[in-house]
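Read the single chain below, which is given as C-alpha cells and is the form predicted alone.
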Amino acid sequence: MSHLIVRYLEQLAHELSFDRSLSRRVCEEVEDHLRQSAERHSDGDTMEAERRAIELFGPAKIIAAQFAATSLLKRSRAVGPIVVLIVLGVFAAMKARVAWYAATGWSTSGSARFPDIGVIAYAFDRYAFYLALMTGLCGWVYAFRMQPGALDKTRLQRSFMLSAAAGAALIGSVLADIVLTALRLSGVGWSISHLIPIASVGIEVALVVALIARIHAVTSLVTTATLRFDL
C-alpha cells in the first residue's frame, strides 16, 4: 500500500477521531475497498491506480460525514429502548420492594409519623414515573421516524430532549422512592432486613446513573459530530 492510501486513511481517521470505534471500523472497511479498487484499475502503475481508486471513492471529509451520519442515527435510535428498559427496571425494583413489605408485614409507622410528606412523595413518585415512561416511549418512536442519510439536527435534538426529560423524571421518581423508603425505615430500629429495601433503592439509583451516563455519552458524540461536519 503506497503513501496515497495511507495518507487518505490518516485523514479519514482524523475526521472520525471523535468516535474511536467508528474510526477504526471505517478505516478497515475503506482500506479493503481502496485496495480492491486499486487492483482492478492497476495497469502496472501502482501509485496511479491508488490515486484513481481514491478519486472514485470520494473526499475523506465527505465520506467521514456519511459514515458519521449513519452511526449517529443508529446511536440515537438505540437510546430510546435503553431509556424504556431502564424505566421498567426501576419499576420492577419498586414493585419488588413493595411486595416484600407486604409479604413481611413491614410496619408503616415511619410514614404515619410524617403523613403529609409520605402523601406528597408517593404522588410525586407516581406521576414522575409515568412521565418518565411516556417521554421515554415518545423519544423512542420519534428517533425511529428519522430517515437514514443526512441527519436532521432539529429532530435529533428533540429526540435527545425527550430522552433527557425521561431521565430527569426518572431521577425525581427515584428520589421520591428514597424519601418513602427512609420514612419506612425511620419508624423501626435497625436490623439486617433493612438491607433489602436499601438494596432495591440502590438498584434504582444505579440504573438511573447508567441511563444518565449513556445519554451524556451519546449526546457528546452527536454534538461533536454535528459541529465538525455540520450535519
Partner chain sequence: MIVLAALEAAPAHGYAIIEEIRRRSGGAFDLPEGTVYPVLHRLETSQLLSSHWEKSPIGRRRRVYSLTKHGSASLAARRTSWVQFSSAIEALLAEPKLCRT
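Positions refer to the first chain, counted from 1. Whichever C-alpha set is largest while still superposing within 1.5 Å between the two forms counts as the rigid core. All values derive from a computational prediction rather than experimental measurement.
Omitted from view is the form predicted in complex with the partner chain, to which the following refers.
In plain terms, the part of the chain that comes close to the partner chain in the predicted complex, with a heavy atom within 4.5 Å, is 26-34 out of 159-167, 175-183, 193-201, 26-34. Although the partner chain is omitted here, in the predicted complex all of Phe67, Lys74 and Arg77 have a heavy atom within 4.5 Å of it.
Shown without its partner, this chain lists Val208, Leu22, Ala13, Val218 as candidates; in the predicted complex, only Leu22 has a non-hydrogen atom within 4.5 angstroms of the partner chain.
In the predicted complex, Glu39 approaches the partner chain with a heavy atom inside 4.5 Å.
Contact between Leu56 and the partner chain in the predicted complex is found at the 4.5 Å heavy atom cutoff. Taking non-hydrogen atoms only, Ile171 never approaches the partner chain to within 4.5 angstroms in the predicted complex. Contact check for Ala60: every heavy atom lies farther than 4.5 Å from the partner chain in the predicted complex. Once the rigid core is used as the reference frame, the Cα position of Glu50 differs between the shown form and the other one by 2 Å or more.
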